[in-house]
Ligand code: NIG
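A single chain, nothing else alongside it, follows as structure tokens in the form predicted on its own.
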């Protein structure tokens, strides 16, 4: 379904068992639990936006309004995944087996594996190939309740191939209902042809003309950099992010995943929209993010997939930071495309409450993409991106991980997915 094929409509979602009212983000610290639960509710959509919500007995009904029954289920804002590495190509299952056998992600990368393997696959693929390979991934994410996804380049590692990835993201955005937010991640890893010359690579991938072209063509809104041990230094990351900011791209940073080298302090200095990973964050990094208003994006699926320690998300929340959650869906360190699975890991392993987790994947995820003024919340005037679940309450949904619970997904007020059993 292409986005330009839908028409405006008026729709009342009735028979909502529980409506989880997430307020607009960012929600920091204890505010992440400020989710209001309205039982026996209804919600009215006009022209793709939320027009009213509240107790079902008080629901207005416009003439000609379509009606959709939630069947007593839970209704939540559409889920937002603010950190993925779609689009990619290739297969790295052999590396997965090596890690299960005891090799570390970093040692595999230093031996020539890791990102470089995917880089070759992406370089060998055409833009059309990338679209064909990644459309099914996005369809599966939609069926899990995801209505917006951040997509990064970063596997081309050469200007022409990075542009190819960004062009594929644009085409993927056009061809299916999920809204895609593009990020330029040229400084993801050092390609083989620049071995021993990282500064020269930064000057190539952070070329002012290239960054200006990305902005002029509207191919990305953000620029990210992998600033960590085995990747790029703080100074190298600062150089490319400053050039990107001058070209109009908002900064993001892969920070403190493998070691503490000061990446989160740089995120604060650059007033990054988000700092992502944070497994090794320190007090100075937390203070920098707080001062800058940067969203902390936690990626528990990566720790789960790699078998490394989780980010202490409770520490970040208690410090007063707004925390978002994302899949980090990628072929090397987290081949998990299910945001609901990530949400359950956050609940069971990171000890976040269901309300905190829902906020992290809606209002705060929207803030991590700087769209919190119009998305990620149940609020009059906000985009009507909504998910109907077969669980009657929020707690019941989290209590049974691994089950497909999505009955229907609405994007801008239009039904874009309906489970066959609920089709009527």
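Positions refer to the first chain, counted from 1. This structure is a prediction, so every number in the text was calculated from the model and none was measured.
The protein also exists as the form predicted together with this ligand; that form is not presented, and the subsequent description refers to it.
Report whether all of 85, 226 and 333 sit within 4.5 Å of this ligand in the predicted bound form, measuring from non-hydrogen atoms. Yes, the whole trio is in contact, each within 4.5 Å by some heavy atom.
Please pick out the stretch from 254 to 262, 282 to 290, 341 to 349, 127 to 135 that is in contact with this ligand in the predicted bound form, where contact means heavy atoms within 4.5 Å. In short, 254 to 262.
Note which of 183, 294, 147, 302 lies within 4.5 Å of this ligand in the predicted bound form, where distance is taken over heavy atoms; exactly one does. Among 183, 294, 147, 302, a heavy atom within 4.5 Å of this ligand in the predicted bound form occurs only for 302.
In the predicted bound form, the one of 321, 326, 115, 311 near this ligand [non-hydrogen atom within 4.5 angstroms]: Of 321, 326, 115, 311, the residue with a heavy atom within 4.5 Å of this ligand in the predicted bound form is 115.
Quick one: is residue 105 in contact with this ligand in the predicted bound form, heavy atoms, 4.5 Å cut-off? It does: once this ligand is placed as it appears in the predicted bound form, residue 105 has a heavy atom within 4.5 Å of it.
Against this ligand in the predicted bound form, would residue 239 count as a contact residue? Criterion: heavy atoms within 4.5 Å. Output for residue 239 is no: heavy atoms all beyond 4.5 Å of this ligand.
Report yes if any heavy atom of residue 92 sits within 4.5 Å of a heavy atom of this ligand in the predicted bound form; otherwise report no. The answer is yes: residue 92 has a heavy atom within 4.5 Å of this ligand.
Would you mind checking 140 to 160 for residues with a heavy atom within 4.5 Å of this ligand in the predicted bound form? Just 155.
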